[in-house]
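First, one chain by itself: the form predicted alone, in structure tokens.
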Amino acid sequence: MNPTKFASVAGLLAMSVITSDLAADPVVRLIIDAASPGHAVSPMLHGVFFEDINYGADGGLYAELVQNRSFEHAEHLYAWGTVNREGEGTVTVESADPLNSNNPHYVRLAVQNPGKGFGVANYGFGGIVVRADENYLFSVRARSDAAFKGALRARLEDETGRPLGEYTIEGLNGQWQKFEGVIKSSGSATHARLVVLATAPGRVDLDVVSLFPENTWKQRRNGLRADLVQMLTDLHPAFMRFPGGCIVEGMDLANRYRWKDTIGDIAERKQNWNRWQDAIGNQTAPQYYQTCGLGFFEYFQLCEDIGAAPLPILNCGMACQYESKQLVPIDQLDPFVQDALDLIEFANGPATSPWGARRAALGHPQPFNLKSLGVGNEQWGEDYFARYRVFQAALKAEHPEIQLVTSAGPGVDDGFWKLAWDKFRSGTPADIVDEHYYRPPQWFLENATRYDAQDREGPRIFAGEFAAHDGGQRRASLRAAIAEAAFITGLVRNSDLVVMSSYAPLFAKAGASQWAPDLIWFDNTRVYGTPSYYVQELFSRNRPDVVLPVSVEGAAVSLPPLPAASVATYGAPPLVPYAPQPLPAVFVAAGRDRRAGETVLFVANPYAEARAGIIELRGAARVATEARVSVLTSANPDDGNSFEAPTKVAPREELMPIAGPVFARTFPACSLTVLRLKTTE
């Protein structure tokens, strides 16, 4: 029997049952044309964007347990305290004859009587977490005067002062030396402290006091927190954009991010203050710094670990345009351009080249296979394009193989955005244009079709930063996540044009955040993904190879207009008066995963009532008898996840029987459904 004809008969028989069963809910019909595959889906479509905001690096992804390890914070003894156990001495911060010029401050213990120990304690980032029977890697740079004849003791203690493990340091002299050893913890504590004690009279200088868990990601020294990296791995990101964000620009040019300061020995890396210290209203973090222990080598290595293409973003000679607005004169851009050229050599050059040799010396003789580079973060205006053209000409002259990511400004549909696209369409060369969208959930619904009719002759698009801001508190709610899912269906359909996308921000630490919503929340011991995290995971894990046409038949939905204030951006007036758009009954995208031999269907239902769906698969030679289905939903659109209920809103997996090429499926209120069906082309 002809399998196609058999499937059609089965479908007709099923229709009489389907139409009677679906009378209770609004009915939508989805017709997938499996015989007419369209353009390829960009393999880079779904990625991640890392920025050191919300303590995402130091105190977060970077596994260093000591805060202010080099005493370079503005408050030099921040997170440190004096420990005096029946002794006598002083603790001061000095700068004469430092370890090196990048690290000019250190602590001096001047001990007259050590008693039972005189020294300092570090309290970490809101406490140091240690676990019983696990090893912790301690290191310090230290020296002493000739009078000091004793040893140093590096000790882990719980919050009561009970010792948990110790390492003894001997052999100090008048020269800076690095000492390192292992402390095994005999117990567990969530608010432990690291104590360094002198045991004899004399003077001791300490710098770069460091403590790492041995169990970092891949057990690397100077490593990353394993549970946070696992959350990234589970997203299956195609790329990772780093290191930001506004920290690339800096509050002023002196504060800008310099990648060359972030490689090599951690004692030689130059600390920088984080521009998110005091950037948003009352959300201040006055001692928020970047040790740069998580630097460009570690970023490239992380990309390699999680299978993500690296996308570094470099300063283009402009500080933050919301803040100081400082500019490097056009005729003084050469050092900035050279930094970009040197970065390409660091990433891709042979081990015999100057910067390739630096990479090889760090333990990676093979290139990192860099293919894309961002010029500036979200700059705008004539000042940006004057500088971008200098970078573009120099980089393309030496490295035409590197794709350049350029900026369309901080928002879309405003004067900054229009100027950018006028430039791109009138001769300014661009490979990929970065667009950013931080808007209410309804905006994402109304803009799911924004790229359907856009000109394909211009540059490709990177949806580089987006998040649905649900309400004044910017809740990481199911409602926001499903609005994002609706928008992403449009990115999938238009992935010949929109070749990359990433949510922002990525990480946020509980009690130390400056921005919401965020994709992943963590504290010192726990981590969870928001509903938006699971939307990203579902799209990335189920990315098809080619798009399939899919039509939606069902009543359109009209929503009241958004308030004008919710669509205005960064002081640039909208180009045209805002007008609400009729919305489809559901938001869909479909494609073919040729390796798996499956048709993939994404259906986002952002509405308050369920949608009864009739799905018709046309043009497939054979259809399996069951489908794999993932559903993301919850009882209330305001639901989200928390440390106490980390998977309250998480995908539910099931197998669904299929009677033929026409079948029924109800799409719950406020839900994302991903359906995978074995079919033969």
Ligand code: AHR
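Numbering starts at 1 and runs along the sequence shown. This one's a predicted model, so the numbers in the text were calculated from it and none came from an experiment.
One more form of this protein exists, namely the form predicted in complex with alpha-L-arabinofuranose; it is left out here, but the text below deals with it.
- Segments offered: 151 to 159, 503 to 511, 257 to 265, 601 to 609. Contacting alpha-L-arabinofuranose in the model of the complex at heavy atom distances within 4.5 Å is 503 to 511.
- Contact annotation for Leu491: none of its heavy atoms lies within 4.5 Å of alpha-L-arabinofuranose in the model of the complex.
- Among heavy atoms of Cys246, some come within 4.5 Å of alpha-L-arabinofuranose in the model of the complex.
- Although the partner is absent here, Arg592 sits far enough away that none of its heavy atoms falls within 4.5 Å of alpha-L-arabinofuranose in the model of the complex.
- Among residues of the shown chain, Arg439 is not one whose heavy atoms approach alpha-L-arabinofuranose to within 4.5 Å in the model of the complex.
- Proximity to alpha-L-arabinofuranose in the model of the complex, defined as a heavy atom within 4.5 Å, holds among Glu72, Glu446, Glu378, Glu537 only for Glu378.
- Taking Tyr106, Phe587, Trp276, Phe239 one by one, only a single residue has any non-hydrogen atom within 4.5 Å of alpha-L-arabinofuranose in the model of the complex, and it is Trp276.
- Taking alpha-L-arabinofuranose as positioned in the model of the complex, the residues of 29 to 68 that bring a heavy atom within 4.5 Å of it are, in sequence order, Phe49, Glu51, Ile53.
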